[in-house]
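In the block that follows, a single chain appears as structure tokens, in the form predicted alone.
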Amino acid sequence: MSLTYLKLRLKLPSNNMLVFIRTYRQAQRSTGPKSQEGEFRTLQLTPAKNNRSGPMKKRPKPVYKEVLPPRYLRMSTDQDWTNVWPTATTFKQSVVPLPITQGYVASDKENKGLPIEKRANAELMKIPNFFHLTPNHIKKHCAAIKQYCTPWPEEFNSDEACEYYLPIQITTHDYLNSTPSIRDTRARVVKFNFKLTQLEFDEHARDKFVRLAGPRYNTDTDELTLVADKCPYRKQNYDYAQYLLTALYFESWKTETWEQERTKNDWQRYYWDESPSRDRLLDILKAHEKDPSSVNSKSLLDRNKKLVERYRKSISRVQDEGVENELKNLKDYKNDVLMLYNLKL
């Protein structure tokens, strides 16, 4: 049924109004073939069985390739492993001819209580391996980079020579952990170690350098140790340790005005050349001369150089070492004094 509206304008004597008349029309069905235009067509993804032309074809069976056995079963025992695993790569269970296991077994019911084998083991693929760093690998690597290396200097034929030409020893540490991150905060620490004899000092500069270094200086080995660990990265701590060493060295050569006011009690160690002991020794040596007033102090010390040097070392050890080897130092000092006065006990 279809509905149409017809609008008619009627003129009536009393008033004007609009009148709507509703009419009905019944649709007629066509007996002929339906037209494809304007109709919804059926979507057929596959042809219907009654519309197929010819007999139904059978689906061909898939052809599967033959699965070869793992490579480690086909490898010879005398082959070159460096050709099998030349570089760093993820673990491959079909290549490694070793019964490797990895993983945690929670109970005896899981995998019969045995560790998980290497086949389809994700734990072995997570961690780094060192199959590319065997001794033969390292030999090949060294042979490859040898052409880019220079000969070892002939001057470095002993530890003393290496210490003389390379005075600073720099120590760092690398850590390997089975964690998601390869970083370790302890790897940032940098340590500098060297002897003060490798640096050029005078008496004032050395004394001030030792005072500024404080407990970082070892008087027994004459070594200074600087440890830098304040910065988050190793390179930053390395630069900071270099800055500390440079600042300590150049600061020790500066002489402030208040440093001129220090007395004998402020000495870091015993300076015999500036002590009253040197003046008393000169008086003793002059007493043996015929004309003490005409004797030059420097020439007098040069003539008795061995005796003066021995006496200076013995009294310096007594003053500096204190209770350490006290008996031995006092005995040596007594013998030197007796020799100085030509006395025998």
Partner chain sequence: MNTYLKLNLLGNCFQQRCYLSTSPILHSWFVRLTNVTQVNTEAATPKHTRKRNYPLTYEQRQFPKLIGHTKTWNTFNTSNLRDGKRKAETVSDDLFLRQFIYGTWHSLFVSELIIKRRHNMIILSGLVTRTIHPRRMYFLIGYTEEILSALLKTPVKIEIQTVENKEDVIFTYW
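Numbering follows the first chain given and starts at 1. Note that this is a predicted model, so its numbers are computed, not measured.
This next part talks about the form predicted together with its partner chain, which is not shown.
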Test of understanding: in the predicted bound form, would L73 fall inside 4.5 Å of its partner chain by heavy atoms?
no
Distance check, Y233 to its partner chain in the predicted bound form, heavy atom within 4.5 Å:
no
Answer for L43 alone: is it within 4.5 Å of its partner chain in the predicted bound form, judged on heavy atom distances?
no
Considering non-hydrogen atoms and a 4.5 Å limit, does its partner chain approach P99 in the predicted bound form?
no
What are the residues of 115-136, in order along the chain, with a heavy atom within 4.5 Å of its partner chain in the predicted bound form?
I116, R119, A120, N121, A122, E123, M125, K126, I127
